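Heads up, the chain below is alone and in the form predicted on its own; it's given as structure tokens.
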């Protein structure tokens, strides 16, 4: 398919005297007509063969674009926001394979994995989902979104008294901050394993909306938290560094994870694998875990299948979710082996997300489905970080 490059010429009726802030955005070509209808885009073709479109929009239209991507394509967020035209043009050529050497995916920590998996607790996952979704919303530019970041940082700090374990809130230019917990590696501290989910939630109305986001993505954050709790409670010392991440501003262009991935690239930090947990608690399909095969690492996905078959006791399938559908795409674009196990086939996703109806009761009130993802995530941490 041809690469489409569009410049959005916004109407002068924006209601601003000063020139609006402009942002460059890349999104899937399949979503371009909807974005064009929203903004009145003028489209040009350059004849190359990719499925990505580049547009320029007024920053004030980001929420409206997010609404279109959520409502029509069920993607969170479904697009990348870029700092510059050069960065946006670079994103047109999505990374096809990790640029770093492949890691050894041999399973050799069976005794440890099987000993720790029973310590995972669905009730703890359920309780964390309930606490996060009790907030009015976790929108990235809201006071409650900022409070959610502080809440998560404090929760993660309470998981360990170890002096070498750190938790930081990362300032990224919005009210909400991303949160990173680091467990340093012993023998290969310069090799990093990332397990994350996005902290923000969204519904029509932005900062004023009611958006409990129980499934999207309090379920992912709760699952990551439970993985970290068991890992730290066991006092496991990983060979590789493990970082647990709660990303800000995912719903509006993967902005939190993208900023972190770009920063790590600039600093030359070596992330050997990234696992994204975005929605884990709604079983909408006949199989338990669906691995997204687009914008992910085939080798790491095969590793996850090994983990599921060996340790998790769940059924799995392969599916696709489209361009920029979650934060794994930020790491994939940076050349990092990335994967996103999802709670259902993408077409069967939870239809209550991005609304006031995304509650715990609308997915799995007992968090039994999310527990399967916690088992997978803990096995991933133990077999990849190699205690």
Ligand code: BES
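Superpose the two forms; the largest set of C-alphas matching within 1.5 Å is the rigid core. Just so it is clear, the model here is predicted, and its values are computed rather than measured. Residue numbers count along the first chain shown, from 1.
Not on display, but discussed next: the form predicted together with the ligand.
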- Stretch in contact in the model of the complex with the ligand, which is absent here, among 127-135, 204-212, 303-311, 243-251 (heavy atoms within 4.5 Å): 243-251
- With the ligand left out of view, choose which of 256, 273, 196, 78 has a non-hydrogen atom within 4.5 angstroms of it in the model of the complex. 78
- Non-hydrogen atom contact residue 55 with the ligand in the model of the complex at 4.5 angstroms: no
- Message: My question is simply whether residue 191 lines the interface with the ligand in the model of the complex - judged by any non-hydrogen atom within 4.5 Å.
- Response: no
- Query: Does residue 148 reach the ligand in the model of the complex, with heavy atoms at most 4.5 Å apart?
  - Reply: no
- Message: Even though the partner isn't displayed, in the model of the complex is residue 325 close enough to the ligand, meaning a heavy atom within 4.5 Å?
- Response: yes
- Task: Using the arrangement in the model of the complex, list in sequence order the residues of 325-354 with any heavy atom within 4.5 angstroms of the ligand.
- Result: 325, 340, 342, 346, 349, 353, 354
- Item | After fitting the core, residue 319 CA displacement of 2 Å or more between the shown form and the other one | no
- Is there a C-alpha shift of 2 Å or more at residue 348 between the shown form and the other one once the rigid core is superposed? no
